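The form predicted on its own is given below as one chain in structure tokens.
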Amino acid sequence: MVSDNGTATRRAVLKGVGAGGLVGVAGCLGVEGGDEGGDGGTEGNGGGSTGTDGGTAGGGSSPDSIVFGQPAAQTGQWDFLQPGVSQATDAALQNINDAGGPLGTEVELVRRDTGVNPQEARTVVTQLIENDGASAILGLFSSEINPLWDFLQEQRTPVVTPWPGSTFLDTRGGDKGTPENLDDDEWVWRTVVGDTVHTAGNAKRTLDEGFETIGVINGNTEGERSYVEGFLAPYEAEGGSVAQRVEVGLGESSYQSALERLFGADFDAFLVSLPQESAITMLSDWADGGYGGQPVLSDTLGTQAVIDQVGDALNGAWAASPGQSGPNYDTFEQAFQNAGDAEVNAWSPPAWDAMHVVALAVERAGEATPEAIERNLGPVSGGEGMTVSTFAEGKEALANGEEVNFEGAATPTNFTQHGNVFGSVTISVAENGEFTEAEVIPAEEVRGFVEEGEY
């Protein structure tokens, strides 16, 4: 579905989305050739209609269009993760539109590339809202959200994203448990567990393995620092200590000097938090230099590309990532496999959940305005009402006058007052040329590492 240059091709999209998602195809085509502006992304949406014409779940008039916008990592250092997220989003789009769409109107998805660059993300979000008429944003990374926080608050458009792990969001975002009152809302929701959760799982695993002193090497960007801080809080609270921490720039041709500084201290294991390309360079230098030691990897490094490049020296290394143990993972997996040939990654199930919970919020609200969606995200996912796993089930229940509780593929999708979700943690270990799942730490065990009210 995604060509080598990271853009969706018409033929691939048609194969992946099928006839039921043709309206969404126009949005995908908007990114062809790297077009980040102009009218390309709005083809087929009636010139960027806001999709706010009313319409009710009870049979009133339907809006002319409903547009969701997706900032995407189609270029840049995280582009290898986007195919799995795009395919999950496209599968959810087809699922929703095949069921008749919210308020009887098909959803159009407009996807635009940000390269995970904050300034480009600001431009893309503005385009999605003002030019494309998006009533909800289904993306943005930590590295984009944190510096753009005030800007995103000013937009007053819900951002429901499968990406960010930043601890910055632990006590920011959501509706503060008052869905009808927008005055205290902070408009950002995430359907993936935060770093605080899966780094706590990683810290638990490290201590359980008897590694009580560690070295740390991390990149100098928000995401990499956040991962380390999320790891160290529970690790040190439970008795672990840091012997040495080295922060490095990204994209260096060699990390030998950084490794010399890191391994100048004594420790049992070392934590690596770097983007994939930089991590491969650093770990290759580590393997060539014969430094030894137990590598503990951040969530994005448990990939085949890393083990292929670094080789057998990585055997025994592990990565902790958000678990894929939501109550309805099987429903997602079948739809995902039918939608294309991308590989599932830790952010794919949360992408499916984000699309569904927003569509259900529109259906419950009876309108597709950003404010209506914001007011209804909590109620359709908060644990009250009939449990549903698909948009079709939710649409039927709402039409019958019932409340719904969407339970997702990644987690139960029970948003906290800060718009966060909680779930299990998967530990994957490198062995014989691949990462294999070695352990799933249940959510209730990780919960003990996270202070109540701090997430």
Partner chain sequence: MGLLQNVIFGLVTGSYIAIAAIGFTLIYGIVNMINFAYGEYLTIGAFVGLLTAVTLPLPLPVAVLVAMVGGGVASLVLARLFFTPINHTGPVPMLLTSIGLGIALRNLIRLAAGRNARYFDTETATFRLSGVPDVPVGPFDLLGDFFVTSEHLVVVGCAVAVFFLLHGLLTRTDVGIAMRAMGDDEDLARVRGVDTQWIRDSVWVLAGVLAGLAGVLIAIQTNVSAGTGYSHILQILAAAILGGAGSPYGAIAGSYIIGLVLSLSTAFLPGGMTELSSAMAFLILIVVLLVKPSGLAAQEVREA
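These numbers were taken from a predicted model, which means no experiment stands behind them. The term rigid core refers to the most C-alpha atoms you can superpose between the two forms while keeping them within 1.5 Å. Numbering follows the first chain given and starts at 1.
There is also a form predicted in complex with its partner chain; it is not shown, and the following applies to it.
- Checked against its partner chain in the predicted complex, the candidates 258, 313, 182, 372 yield a single residue with a heavy atom inside 4.5 Å, and that residue is 258.
- Only one of the listed residues (155, 276, 213, 331) places a non-hydrogen atom within 4.5 angstroms of its partner chain in the predicted complex, and that residue is 276.
- Contact with its partner chain, judged by heavy atoms within 4.5 Å in the predicted complex, is confined among 182 to 190, 133 to 141, 337 to 345, 301 to 309 to 301 to 309.
- Contact with its partner chain in the predicted complex holds for all three of 75, 246 and 289, each having a heavy atom within 4.5 Å.
- Although the partner is absent from this view, residue 280 contacts its partner chain in the predicted complex, with a non-hydrogen atom inside 4.5 angstroms.
- A residue is said to contact a partner when one of its heavy atoms sits within 4.5 Å of a partner heavy atom; residue 268 fails this definition for its partner chain in the predicted complex, lying far away.
- Within 4.5 Å of some heavy atom of its partner chain in the predicted complex lies at least one heavy atom of residue 225.
- Taking the partner from the other structure, its partner chain in the predicted complex has no heavy atom within 4.5 Å of any heavy atom of residue 238.
- The rigid-core alignment places the CA of residue 252 2 Å or more apart between this form and the one not shown.
- Taking 2 Å as the criterion, residue 220 counts as shifted between this form and the one not shown: its C-alpha moves by at least this amount when the rigid core is aligned.
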